[in-house]
Structures are given as C-alpha cells and as structure tokens.
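Next up, structure tokens for two forms of one chain, structure 1 and then structure 2.
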Structure 1
Amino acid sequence: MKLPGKVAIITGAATGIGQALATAFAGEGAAVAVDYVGPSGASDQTLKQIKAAGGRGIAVAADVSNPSQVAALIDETVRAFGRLDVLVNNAGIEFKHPFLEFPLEQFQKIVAVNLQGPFLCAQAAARQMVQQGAGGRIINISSVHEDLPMPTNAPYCATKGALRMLMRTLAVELAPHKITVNNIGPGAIYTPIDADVEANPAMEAALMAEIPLGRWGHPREVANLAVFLASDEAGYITGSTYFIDGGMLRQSGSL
C-alpha cells in the first residue's frame, strides 16, 4: 500500500476524476473525505466504491468557494480521522461559450469554483498541516488548458492558468513546512464533464485527432499519478505540473 495511515480530502469527488481518486486512495490505505455539492446521496456511489476497496470514507457537503463551508470540511475531516495529510483540489466546472457573448455570471461562477475554491481549500488545509508539523501534500487537478488555449473556453482556461501560478507560489511558500504542492494536468479523460463530446461522434473524432495516443484517458490513469504524488515516495517533488494527456500538448498537427 502506498498511502497507509494517510488522511486525504478530495474535492468534487462524487463523480469523474474525483471519484476515481477517492477509490484509488482508499485502496492504498488512506482515509478519505469525499467532498461534494448537490443533493445528499450524490456521493453514495463513491462511498460504496471506497468500501469495496476496503477503505474508510466520509461524505462532506461543501461548496469549495464558500469559506465557512471549507472550514467545516477541514473540521469534519479532522474530527473523523484525527488529522489531514493530503488535499486534492479536484472540483471544477466548465462552460463553453463564444467569448464575445460570454455571460459575466458564468465567468464569476467558474472563477469561484475553479480558482477561489483551490485557494480557500489550500489555505485551510495548509493551516491544519502546519499546526500538525509533519508536512503534507496539496495536489491541484488542473488541465492541459493551463497551457493550451481553447476557443469558447476562455474563463476555464484562465482559471487553469491561474492554478499553475497558485501552485508554483504555494510550493515555494509552503516548502519550509514540508508541504509539497503540485498540479496534475489531465487532457481528455472520459468523465461527465465531457458528456457533450462523448455523445457527439463528430466532436469526439475531432478531439481524438488532437491526441497522439488516439483515445480518451481513463480516470483511473489520473488516479495512479495522484496516488504517487500523494505518497511518501514523492517527497522531493514540488512546484511542477504533471500532464497526463496522451501526448495532446505535443500534437504537431499536419506536420
């Protein structure tokens, strides 16, 4: 087991990459707080998978953009499991729309969840880790779009680019406390965030043409990388983004 005795919070873990991370972490011996938004019961499937993996988990409803709900998320985790070792800022939303008509309200919502959320969660988690005095891990699930532009997706790309500099800055600032901070930048992973593309063969074919390996990534593949970065083995790794994208960022088009 790679994460024995660790306690992890994974935000947005009711579905998709977050769910795969929660399940993988539990299977590696971590106790997992499954953060979610939405109706109670939204995270039941994740809790079931954690149990099936032989792990321990709790579900906590918390909107990551809300400071008091974030404080409660940390408190409930520490009350249940006694400490906090790993935070994964996974919760994220996406809304594609042409820039010239992009609604301000949607922009603000994306910034709140994708950027303010990781800021607040990292701050609250790091305070807890500093108080414990044993270091810790902060991992942000970013995107290839922290580097790669995507027309109609400006606010999402802007928040992911901002996550890169949030990560780099926190990596330096929290290093004296032995807290490492890294990003994982997934490409096209088969999850509900891309339901529109998955349901549209033409859009799906266009996306696959951008990926040298020619296929979707699996959430479990992202989880494998996250488990490593969260483990003691990754103690000297901080301040970088690790892309997992089937080569998407290196696609050379018609060359």
Structure 2
Amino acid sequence: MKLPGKVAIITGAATGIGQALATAFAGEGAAVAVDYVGPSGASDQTLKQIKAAGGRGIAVAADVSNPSQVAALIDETVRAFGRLDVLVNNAGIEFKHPFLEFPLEQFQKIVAVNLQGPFLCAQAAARQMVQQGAGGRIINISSVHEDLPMPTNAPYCATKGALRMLMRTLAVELAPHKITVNNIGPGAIYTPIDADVEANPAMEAALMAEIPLGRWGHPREVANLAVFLASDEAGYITGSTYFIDGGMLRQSGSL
C-alpha cells in the first residue's frame, strides 16, 4: 500500500474522476472524506466503492466556494479520522457559451467553484497540516486547458490557468512546512458525461485525431497519478503540473 494510515479529503468525489480518486486512495490504505454537493444520497456509490476497496470513508456535504462549509469539511474530517494528510481539489464546473454572449453570473459561478474553491480548501487544509507539524500534500485536478485554448469555454480555461499560478505560488510558500503542492492536468478522460461524444462517431473521431495515443483516458489512470503524488515516494516533487492527456498537448490545435 502506498498511503497506509493517511487521511485524505477529495472534493467533488461523488462521481467521475472524484469517485475514482476516492476509491483508489481507499485501496491504498487512506481514510477518505468524500466531499459532495446535492442530495444526501449523492455520495452513496462512492462510499460503497470505498468499503469494497477495504477502506474507511465519510461523506461531507460542502460547497467548496463557501468558507464556512469548507471549514466544516476540514473539521468533520479531523474529528472522524484524527488528522489530515492530503487534500485533492477535484471539484469543478463549466458552462460553454461564445465569449460575446457569456452570462456574467455563470462566469462568476465558474470562478467561485474552480478557483476560489481550491484557494479556500488549500488554505484551510494547509492550516491544519501546519498545526499537525508533519507536512502534507495538496493536489489540484486542473486540465490541459491550463495551456490549451478552448473556444466557448473562456472562463473555465481562465480558472485553470489561474490554478497553475496558485499552485506554483503555494508550492514555494508552503515548502518550509513540508507541504507539497502539484496539479494534475487531465485531457480527454472518459466519464458518463461524455456519452454524447462517444455516441457521435464523427465527433469522437475528431477528438481522437487530436490525441497521439488515439484513445480516451480513464478516471483510474488519473487516480493512479494522484496516488503517487500523495505518497511518500513523491516527497521531493512540488510546484508542477503533470499532464495526463495521451499526448494531446504535443499535437492539438484549439479544441
């Protein structure tokens, strides 16, 4: 096991990549706090997978853009498991519109969840880690769109670019406390939300043409990378984004 005895918070862990992260962390020995928004049963499937992996988990409803709810997320995790070692900022949203028509309220919501959320969660988690005195790990699930433009998705791309500089700055500032900070930048990772693309052969072929490895990535592949960055083996790694995109950034145009 790579994370024996560790305690992790994973935001947005009810579905998709977040669910894969939670399951993988549990399978490697970590106790996991599953952050989610929505109805009370939204996290049930993730908790079942954690149990099946032999791990321990709790579910905490928290909007990552809300400071008081973020504080409660940290407090409930520490109350349940005694400490906090790893934060994975996975929660994120996007809305797509042409830039000239982009609604301000949707821009503000994207910024609140995708940028303010990681800021608040990292700050609260780092305070707990500093208090414990044993270091820690902060991992942000970013995107290839840190670097790659995506027309009709300007606010999302802007938040991911900002998340890169937030990560780099925190990595330097928190290093004296033995807290590492890194980003993971997924490319085309298949989750159920992509079913419409998979069902459209022309659309899927166009996407695959942008990926040298010629296939979708899988949530578990992102989770495996996160497990490594959270482990003791990655103790000398901080301040960088690690892209997992099948080579897309080396070949792609603007998607």
Ligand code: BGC
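What we label the rigid core is the largest C-alpha set whose atoms superpose within 1.5 Å from one form to the other. These numbers come from a predicted model, not from an experiment. Counting starts at 1 and follows the sequence of structure 1.
As summarised for this chain, the first structure is the form predicted in complex with this ligand, and the second is not. In a rigid-core overlay of the protein, Ile58 has its C-alpha displaced by under 2 Å between structures 1 and 2.
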